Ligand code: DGJ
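We begin with a single chain expressed as structure tokens, specifically the form predicted on its own.
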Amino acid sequence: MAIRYNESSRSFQLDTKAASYVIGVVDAEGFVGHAYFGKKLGEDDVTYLMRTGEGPYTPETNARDRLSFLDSFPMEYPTGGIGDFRESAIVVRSSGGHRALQLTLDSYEIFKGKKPLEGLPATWGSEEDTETLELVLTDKVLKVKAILSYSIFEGIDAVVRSVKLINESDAPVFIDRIMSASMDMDNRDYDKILLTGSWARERRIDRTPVNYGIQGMSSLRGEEGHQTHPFMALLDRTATEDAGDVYGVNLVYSGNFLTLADRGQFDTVRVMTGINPEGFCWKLNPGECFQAPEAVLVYSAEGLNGMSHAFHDLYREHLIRGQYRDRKRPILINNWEATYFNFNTEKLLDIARQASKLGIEMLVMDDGWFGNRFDDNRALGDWFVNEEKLPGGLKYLVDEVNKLGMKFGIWVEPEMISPDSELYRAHPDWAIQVPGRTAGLARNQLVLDMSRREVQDHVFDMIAGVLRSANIEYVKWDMNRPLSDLGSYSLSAERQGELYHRYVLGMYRLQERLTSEFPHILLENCSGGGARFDAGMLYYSPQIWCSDDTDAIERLAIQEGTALIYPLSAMGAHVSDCPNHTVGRTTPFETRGYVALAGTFGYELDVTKIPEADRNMIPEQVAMYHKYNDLVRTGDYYRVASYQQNHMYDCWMVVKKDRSEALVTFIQVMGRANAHSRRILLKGLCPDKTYRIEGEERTYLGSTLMQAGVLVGNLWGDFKGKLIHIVEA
């Protein structure tokens, strides 16, 4: 890990474990260009890759073709309005209404460690394992300054970027667009991977060629949503899980985003990610600064698995925080699919009594415990206990659960308000809505204006009062609808375009307060399932509910797409009831356990009503979780086979960092008639080490298991699974 400046070539080189990122400065004006990102280089000068030695050259030597230069030079952070007709990373409007910005290098600084981003989630590191480059770019006409920040981390092939804009003029400017990162590359017949979906079908992998023009993903829902995700990968057309160049881009943000690839006339590709400019406009007064969210750029020469390892390691080691970052999470049982709104103290205690006997460690009380909440049409915002459902109050229930040796958790939805609530009747102006228009409802609820400090403080005080009233050790924070009808009663007309981003900042502030004042609480984020499963939320909660679709077979695709970027330790996954409440499918209880093991592991059912054979299997699953979770939570994850692609079976494995242990999960989705066993080639083992498969006498070299493979016999029936535990002999 090193960052260095070469004065003779006017270039900056950032070296990670196996990759190099090179930035060059050209022309007397100081244009900053992107030269290289790929396999690790030596000390040779590669700024020739910016092609300034060929036409149209630079303005310094060919002023008559300045526009041709601006429209072809591989800009490190392209600006709008001056002649680069490709997608702009930043557009700033002056008080006179002009949109022209030219940012050129003014100074730089290289230092150990990394600065936090004010009000935003961000990766972090120490002076021992992190190094940062800051490039200070200025526009001498507008007198605005942009600080481009680049951080690298010991042992991880990622470059983390962010941008801060400072207005040093004596007049306001308006930011119409500010992306977090941009990178110009030669197109090498790339494919792109996006994650698509819908509610209960989140993060499905979609691989297609990079075509001419603009393509990508975006959201205007106030979150990334179930439908899209702030991620893109560019990869060689022939790249596989284990070989080929892959570039991954992920935004550390939980609001509206835009991630795109723009393939242009000279077969270059401009990749960028940041806040979605649609509906966004930020007034920046003199002396003020605007901090854009952080973006993560990953390079892998070892295919998609190598990309995933870089993202997983970065997020586990330099993004997730708190007491549970490196700890095994308690096995919980959630009452939502068991009871929905129809529960009381005694029903919850019945579930807890049975669950405690089986080894389950926490009871989570979901929606319906507060206000006049007997269905989802009322009471959001009234965060006080419904004693009709919970006679004796919350403390009595929690104390009784604790007496069983179990922890207690609770569900909240702090960002929402029901029109039928005491809070709305007292403060109708606290809801986001456009005056004079009928606001659209979703799940019969509106969204609180989290851009307002008084709203944040009121909500926090209510929730904190509940948390202080009893021994609550887990919070599930939900958000069940997108933002619409964007209007804030507290913002002036020229600042209404700030509402989307101010909302996200307010939500972040609330979660920061919660995790700071209640550090012992395990926070799990959720948004109608997986609509807010993003890197920004991982900064506040070490796990996120992956999807409301808990069917084991559906989860194969959902969890595969999620694990493309995020570590298994972050994926909320439960064994749920059958027939499954989303798709009506019945799968074996054993298989449901195998699939949930690839996440945080828990239960979403009425343990008092399930078949006795299933109930009797729970202690075995609890033991399975405790045996393998350290490996699953901290090891390297490999995709071995994809049910999305072969439509027959799924297989993944997790390998301990020192290569001494591995766990293979095989799920046979469809049974086959008159077929031989499947040959599965394992991954990630040490070729020269000797291994033993648990339950077998003989041993194998790692090279044998990876190149010759293992045979998995046909399992009788559909939806069957098998674990293969491998240990060093």
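Because the structure is a prediction, the values reported are computed rather than measured. Residues carry their position along the shown sequence, with the first being 1.
From this point on, the text means the form predicted in complex with this ligand, which you will not see here.
Undergrad: Please identify the residue among Lys283, Arg353, Arg443, His626 with any heavy atom within 4.5 Å of this ligand in the predicted bound form.
TA: Partner contact (heavy atom, 4.5 Å) among the options: Arg443.
Undergrad: Since exactly one of Tyr247, Trp336, Tyr150, Tyr77 fits, which has a heavy atom within 4.5 Å of this ligand in the predicted bound form?
TA: Flagged contact: Trp336.
Undergrad: So in the predicted bound form, is this ligand close enough to Phe311 to count as touching (4.5 Å, heavy atoms)?
TA: Contact with this ligand, no.
Undergrad: Can you work out whether Thr228 and this ligand are in contact in the predicted bound form, taking contact to mean some heavy atom pair no more than 4.5 Å apart?
TA: Outside the cut-off, so no.
Undergrad: Spell out, yes or no, whether the shortest heavy atom distance between Lys476 and this ligand in the predicted bound form is within 4.5 Å.
TA: Yes, Lys476 sits close enough to this ligand in the predicted bound form that at least one of its heavy atoms falls within 4.5 Å.
Undergrad: In the predicted bound form, is there a heavy atom of this ligand that lies within 4.5 Å of any heavy atom of Pro277, even though the partner is absent here?
TA: No.
Undergrad: From the candidate stretches 418 to 426, 651 to 659, 171 to 179, 520 to 528, select the single one in contact with this ligand in the predicted bound form, where contact means a heavy atom within 4.5 Å.
TA: The contacting stretch here is 520 to 528.
Undergrad: Hey, with this ligand in the predicted bound form, do Phe589, Asp614 and Phe719 all fall inside the 4.5 Å heavy atom range?
TA: No, none of Phe589, Asp614 and Phe719 comes within 4.5 Å of this ligand in the predicted bound form.
Undergrad: Can you tell me which residues in 153 to 184 come within 4.5 angstroms of this ligand in the predicted bound form, by heavy atoms?
TA: Sequence-ordered list is empty.
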